[in-house]
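Presented below, as structure tokens, is a lone chain in the form predicted alone.
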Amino acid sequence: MMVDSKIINIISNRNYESRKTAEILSHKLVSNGYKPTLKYDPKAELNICIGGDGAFLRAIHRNAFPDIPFVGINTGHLGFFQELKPKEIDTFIRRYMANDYNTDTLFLVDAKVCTRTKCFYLTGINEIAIKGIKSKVVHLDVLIDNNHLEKYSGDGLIISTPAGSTAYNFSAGGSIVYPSIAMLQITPLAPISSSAYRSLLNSIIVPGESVISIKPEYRYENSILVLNDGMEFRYDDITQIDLTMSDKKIYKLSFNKESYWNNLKTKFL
């Protein structure tokens, strides 16, 4: 698809601060020769997402994981994906026009959810989690590249991307992983370790080329809830879920080489 070198998509949530920021941004882009649009244009050269991390995730999912790079302006709470502040719009435009930025790659996770009759496909930005419906304990066989790792019992498992390592994974006690490392992480949720059940208590880092397979015990096939970046999916008679690093990627502009470490410090400490 041809890219229009002047079209810029502005993707904003609906709160007052975001709408106000979108209006200011649009005027400033026009005055610098760009053609901003609030209606998503697949021929645009850049996506500017205004809001918090939730708005960033929704923008990617709703627009089918586009190749067009993103940059985020934070009007939310945490804003880990959203590097810029509304007061930095002028600086952003100046540096963008001068090509004074880096382009970071965000790795994604794919899930192939197979039932007795059909397979379904999901792609996650932060994580895909497998849990029990109504907080039921689940019993899952976990395999890596067809090698049996454990029979897990507990609240569920999170399979997170490097970017997602600071999200649900981090809250569940998983490790923080630098975004450029090609890997997936398996993090247990309230694992049971007793004389009856033995589950690993800590997260596991898995190479990006590996396949993580999860098989629920037959009597729990209809007790499984799959969460994709917080969105719930239910399937009847699940037999196996295969998780891999996706061939899809998301590209994000970065204007500060130290922004990741600064983000860690300012957001979490």
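We number the residues from 1 along the sequence you see. Just so it is clear, the model here is predicted, and its values are computed rather than measured.
Same protein, other form: the form predicted in complex with a small molecule, not shown, and the subject of what follows.
- Proximity to the small molecule in the predicted bound form, defined as a heavy atom within 4.5 Å, holds among Pro216, Pro36, Pro69, Gly52 only for Gly52.
- With the partner omitted here, the residue from Leu140, Ala167, Ile73, Val177 that has a non-hydrogen atom within 4.5 angstroms of the small molecule in the predicted bound form is Ala167.
- Here the chain stands by itself, but in the predicted bound form one stretch of 147 to 155, 114 to 122, 168 to 176, 191 to 199, 168 to 176, has heavy atoms within 4.5 Å of the small molecule.
- Put simply, Met97 is far from the small molecule in the predicted bound form: not one heavy atom of it is within 4.5 Å.
- Phe107 falls outside the set of residues with a heavy atom inside 4.5 Å of the small molecule in the predicted bound form.
- Taking the partner from elsewhere, Pro86 is found to have every heavy atom lying beyond 4.5 Å of the small molecule in the predicted bound form.
- Contact check for Gln185: no non-hydrogen atom falls within 4.5 Å of the small molecule in the predicted bound form.
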